[in-house]
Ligand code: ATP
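Coming up is one lone chain in structure tokens, specifically the form predicted on its own.
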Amino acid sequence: MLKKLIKFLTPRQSRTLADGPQILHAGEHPIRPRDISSGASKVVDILEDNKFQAFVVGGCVRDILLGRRPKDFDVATNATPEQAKALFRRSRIVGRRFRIVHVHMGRDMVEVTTFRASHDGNNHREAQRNDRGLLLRDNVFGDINEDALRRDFTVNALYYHPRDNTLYDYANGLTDIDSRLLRIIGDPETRFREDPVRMLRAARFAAKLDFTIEPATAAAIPPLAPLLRDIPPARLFDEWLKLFLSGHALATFRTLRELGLFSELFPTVAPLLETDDGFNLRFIEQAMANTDARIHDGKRVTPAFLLAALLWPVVLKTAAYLQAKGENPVMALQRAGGKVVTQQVERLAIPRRFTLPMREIWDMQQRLPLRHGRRAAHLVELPRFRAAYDFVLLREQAGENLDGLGRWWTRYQDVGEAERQAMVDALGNRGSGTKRRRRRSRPKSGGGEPA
């Protein structure tokens, strides 16, 4: 599809948004009406039949031009949210900061947004900024030309009309697609201050599309990265899901680190990635690679496992500190898990349905080596066994020596009862968990509690 697009492109000119769009008619671009989902096409038809303008817009158009299958389709219109909602029986208005309409059309969910306009500071009752430029409210509506100015990146300012098969390029997005370049529309600092999450979107799109971030766009990100602290933790968690569970976790992780954004999401993890001979970095990158592989193979992934991997270095550091203070290893790890989760949810609002499995995965790292007697048979039946076992394999993949623990558990799951018992018997005192009377070591002096 991209090769087909290149022959339609004209040389890049100094055209700006003020000059209006470049309009490509049927035969001048490679998109076909059948590339659009039936749900999105029906939404456009209904809006236009009711005398409104409507276009398929943004990332779905970009992805079709790149030869990708869009996951979602968005429609932009001059109908207000209330007007759009009135036209569709299965619809609802969501959001307060940006009001949009979710329309359910058959099995499709189409996001319908009203054309937005620029505004001057807080002079409009539907617009509000804080003193750092963050848009707290942005429901100022306008026409399609103004809406293009409000889009984040040039490659997302593409509007497609399925009825007449016409493509509108407002910001030289087609040329940037050809150059595989991600460029923000307008002044980078102003646009990132308006919504710091755009910096995360830049990293995500660059990793997902294998694009280079345009130099001025990229240069603005590191000094503005601390603005992410103004974003509600719940919204950051939603963004985290998009960043790391879309099949490009490893590339996204590396891009976030390059741009200084990872430390804003995981402030306690970032300092540990350059320590311990690089093991922590290898461990987390291996977790990312495994997650990507599972997604590409169509296998199930859970946020709890990847979050458990991301925070594991901090859990170990905190547990070591508690042990040095005299805590026994089991309680030290449990307390460390709770402390680390409490710290992290202040930045990312990780739901309890994920934090509980995370802590169980961590706790079972101490239990899986204890296989004597009936313990192995009991452990393998626990609901969190499989995730904890996979976590052991991940640790070994990253280079940690666990004395063949992963290989032992792999075989244990594949054999019958008689051979399982023989495996346990062959351990002897290894893996028994027998307590030995040991002299408690005196805590080392110096050093503060880890963050």
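From a predicted model like this one, the values you see are computed outputs, not experimental measurements. Heads up: residue numbers just count along the shown sequence, starting at 1.
There is another form of this protein, the form predicted together with ligand ATP, and it is not shown here; the text below is about that form.
Colleague: Just to confirm, with a 4.5 Å cut-off on non-hydrogen atoms, which of K339, R151, R371, R183 contacts ligand ATP in the model of the complex?
Modeller: Exactly one residue meets the criterion: R151.
Colleague: Tell me, which of R235, H161, H102, R367 has a heavy atom within 4.5 angstroms of ligand ATP in the model of the complex?
Modeller: By the 4.5 Å heavy-atom cutoff, the listed residue in contact is R235.
Colleague: Looking at heavy atoms inside 4.5 Å, which stretch does ligand ATP contact in the model of the complex, given the options 191-199, 249-257, 320-328, 224-232?
Modeller: Looking at the partner contacts, the answer comes out as 191-199.
Colleague: Quick one: is D176 in contact with ligand ATP in the model of the complex, heavy atoms, 4.5 Å cut-off?
Modeller: Contact with ligand ATP, no.
Colleague: With the partner left out here, check for me: in the model of the complex, does some heavy atom of R353 sit within 4.5 Å of ligand ATP?
Modeller: Contact check for R353: no, nothing within 4.5 Å of ligand ATP in the model of the complex.
Colleague: Taking heavy atoms and a 4.5 Å cut-off, does R107 contact ligand ATP in the model of the complex?
Modeller: No, R107 sits far enough from ligand ATP in the model of the complex that none of its heavy atoms falls within 4.5 Å.
Colleague: R204 versus ligand ATP, in the model of the complex: is there a non-hydrogen atom within 4.5 Å?
Modeller: Result yes; R204 sits at the interface with ligand ATP in the model of the complex.
Colleague: If the criterion is a non-hydrogen atom within 4.5 angstroms, does every one of P357, R384 and D390 touch ligand ATP in the model of the complex?
Modeller: The answer is no; none of P357, R384 and D390 reaches ligand ATP.
Colleague: At 4.5 Å, heavy atom to heavy atom, what parts of 70-97 sit next to ligand ATP in the model of the complex? List them in sequence order, or say none.
Modeller: Stretch hits, in order: K71, D72, D74.
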